[in-house]
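Given next, in structure tokens, is a single chain: the form predicted on its own.
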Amino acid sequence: MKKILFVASEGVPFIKTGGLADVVGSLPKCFDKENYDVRVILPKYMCMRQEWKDKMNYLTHFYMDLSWRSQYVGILEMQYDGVQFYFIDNEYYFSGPKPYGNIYQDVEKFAFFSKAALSALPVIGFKPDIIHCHDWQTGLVPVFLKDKFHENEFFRDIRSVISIHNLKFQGVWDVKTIQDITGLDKSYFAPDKLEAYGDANYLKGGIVYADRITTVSKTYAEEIQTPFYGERLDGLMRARNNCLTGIVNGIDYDEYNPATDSFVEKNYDIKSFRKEKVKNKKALQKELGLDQDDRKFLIGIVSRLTDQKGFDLIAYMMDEMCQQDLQFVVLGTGEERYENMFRHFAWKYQGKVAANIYYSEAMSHKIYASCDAFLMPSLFEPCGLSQLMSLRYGTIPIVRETGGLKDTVEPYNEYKATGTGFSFANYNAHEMLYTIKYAMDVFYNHKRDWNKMVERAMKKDFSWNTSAREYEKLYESMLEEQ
């Protein structure tokens, strides 16, 4: 039995701010239970919902040195969905209304969490073969493992892997403070270790000291070795590229299932979408005050409204796009200028544009189920989950070829009758518009080809089971090296 421990700052259903939580909460239950014992360790935040806190069992507590301070470490546990979860309790660090706050507090909070997660292992009697760390918040785990913990027999042959979910966030603060917080020797703060551009960098520490590095798509793994995407760590990523693997995230195929989804007007599957999917479109047009015409090309957007997601391209072209024979429905919040832009166009083109400047799980499902196409012109996208959801619902993605979007959306080829979506290569507003017009042409004038594409999209398997097989291969290869 191979033992794996996930260490992360968030995981569904307990606490979530982004896609990282989906990976940590959904992936462990998809491993082959015969061969893998996968457990998860998270912080016990005060802001977790009370119903979860009530279900946790207290195991034990101890005191741990963090540099010169002595800190309380409580350990709680519970089973969820067949997976063993542990929670590190410390009210001083994990209070507050949100899991993350100011970076100067977060760097100390997650230094504590990383050290406490390791210190808890002998106490709970679980010795993992591999510790799987996620993002900068756990970047110190591989560092600590090679430092003082290495002197302890228990920890000596534990391997570590770090997953980069978004290289933009690195956990950076000044060297003096981090040295004081962590108690690490100053030799660790050299340019080939934790120091980067004069500061201490948690993620860099993890990348330098982990045995393997993964990121959330094959293309993103290549992109982060270039200056444009590398967030000033591209040199390090190139130096470690023999240890770097890209594995695409998945989505929960039970939760996102057009055949059983309770949020949508009319359930459908690959056999019935031709008749039934359009009933969702009619219902959504009615609900959002769009012109009710089920033959209209309806484009959906569910996103944070930020530059990263390509909204400057959309803003540049929105007027021209609204001249076309199409409708837009947008759901999300973000930068004020983009929120106001969509409000403006919803006012200017009433019946054509629906701007929903909020977030709602139910509305997102309705959009995936109702639209004909889904627009994601991202500047960069480590993995992206929205395009996986739209494929699952037979809503054709129109994406820019970057990161996970390039890996998961196969561009339509009218000559070979292949592809599951439309894509464009350059970050260019006219190229985006051209691609949307091409998609519209297929939709209006080659309906049979369009429906075949919907069928291919719905056949794709981007469930967590597929990702889990890839991680199993990675773990196998790590354990063979020992």
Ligand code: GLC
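Everything numeric here is computed off the predicted structure, so don't read it as measured data. All residue numbers refer to positions in the sequence shown, first residue = 1.
Another form exists, predicted together with the named molecule; not displayed. Remarks below refer to it.
- Only one segment in the set 177-185, 273-281, 122-130, 303-311 has residues whose heavy atoms sit within 4.5 Å of the named molecule in the model of the complex; it is 303-311.
- Checked against the named molecule in the model of the complex, the residues T219, Q327, N166, T408 give one hit for a heavy atom within 4.5 Å, which is N166.
- When you look in the model of the complex, the only residue of V73, V107, C383, A200 with a non-hydrogen atom within 4.5 Å of the named molecule is C383.
- Remark: T214 does not count among the residues lining the named molecule in the model of the complex, judged by a heavy atom distance of 4.5 Å or less.
- N249 belongs to the set of residues with a heavy atom inside 4.5 Å of the named molecule in the model of the complex.
- The shortest heavy atom separation between L20 and the named molecule in the model of the complex is within 4.5 Å.
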